[in-house]
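Here you get one chain, nothing else, as C-alpha cells; it is the form predicted alone.
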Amino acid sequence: MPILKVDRVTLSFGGVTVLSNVSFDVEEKSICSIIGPNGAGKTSIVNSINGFYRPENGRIIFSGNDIIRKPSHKIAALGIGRTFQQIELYTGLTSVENMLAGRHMLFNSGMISCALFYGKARRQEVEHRRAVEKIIDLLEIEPIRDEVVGNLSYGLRKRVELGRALAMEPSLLILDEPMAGMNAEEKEDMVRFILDIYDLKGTSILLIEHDMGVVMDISHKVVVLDFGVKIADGAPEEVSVNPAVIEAYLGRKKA
C-alpha cells in the first residue's frame, strides 16, 4: 500500500478550478516529486494534503486514514511534516527553540508536571533535546544552534525549517520548493541533506521543486501538473521524454 494516495481531488476558489481530478500515489520509503509550470497547482495539492485547503471532491488517504476533512493539527499528528515555499519560522526564537517547537505534539506531560518541571516533564524535555541535537548534527547547524533565526541568512533559515519539520518525526515529509532562492552551493547541501534523511531515516518524501536536474537525479517517481490537471506520472526517465510535459514547459512548436 502507498503511504499516501490522492484520489480524484478537485479544488476550486470561487469560479476558478485550481485542481481537477488529480490522482497519484506516494510509495512508502520513496522520493516522489511534483513538478509543473508556475500556477500548475503544486502548492495547492500539498495544502490540500495538509488540511489548509478543503477540496470539494476526492479522497486523500494517508496510512489508511482518509484525511481530506481532518484539521491540520490532526493531520500533522498522524505523521505528516512539511516545509513551506515562504519560510515560516519563529524569527524571534533560536534555531534550537524552533526545532523544539516542532516537537510540541510529542509532549504529553500533565500541566502540573510541566509547571513544576518535575518528573515526566523533565524526562521528556531531556529526550526531546537529545532528539533535536541529532537533527542539528545531521543538518550541520551546530554553529547556529543558539542563534536567533531572524538574524540568519536565507539558506540557513531554510535548513532550520527543514530541521523543525524533521523534529516532528514524520513518516511523510513534504518539501515545498526547499531550494528556491538558493545559490549553487546551498542547493548542493540541501540535496545532500534530503538524501541523508531518506537514506538514514527511511522517510517518505514528497518534493516540489523547479530544478529539473535535482528532480530527475533523486526522484523515484515524478508527477507533472499543468493548469491543475495531471498530465504525466511515472519514472523520471519516462516523464522527461513525455510530449505533454515537453509542451507544458517549452510550449508548442510552431508549424
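Keep in mind that this is a model prediction, so the values were computed, not measured. The numbering used is simple: start at 1 and walk along the sequence shown.
One more form of this protein should be noted, the form predicted in complex with a small molecule, which is absent from this view; the next part is about it.
By the criterion of a heavy atom within 4.5 Å, residue 171 is excluded from the residues contacting the small molecule in the predicted complex. The closest heavy atom approach of residue 44 to the small molecule in the predicted complex falls within 4.5 Å.
In the predicted complex, the small molecule sits beyond 4.5 Å of every heavy atom of residue 64. When contacts are judged by a 4.5 Å heavy atom cut-off, residue 85 counts as touching the small molecule in the predicted complex. Taking 215, 68, 26, 40 one by one, only a single residue has any non-hydrogen atom within 4.5 Å of the small molecule in the predicted complex, and it is 40. Only one of 184-192, 198-206, 56-64, 30-38 lies within 4.5 Å of the small molecule in the predicted complex by heavy atoms, and it is 30-38.
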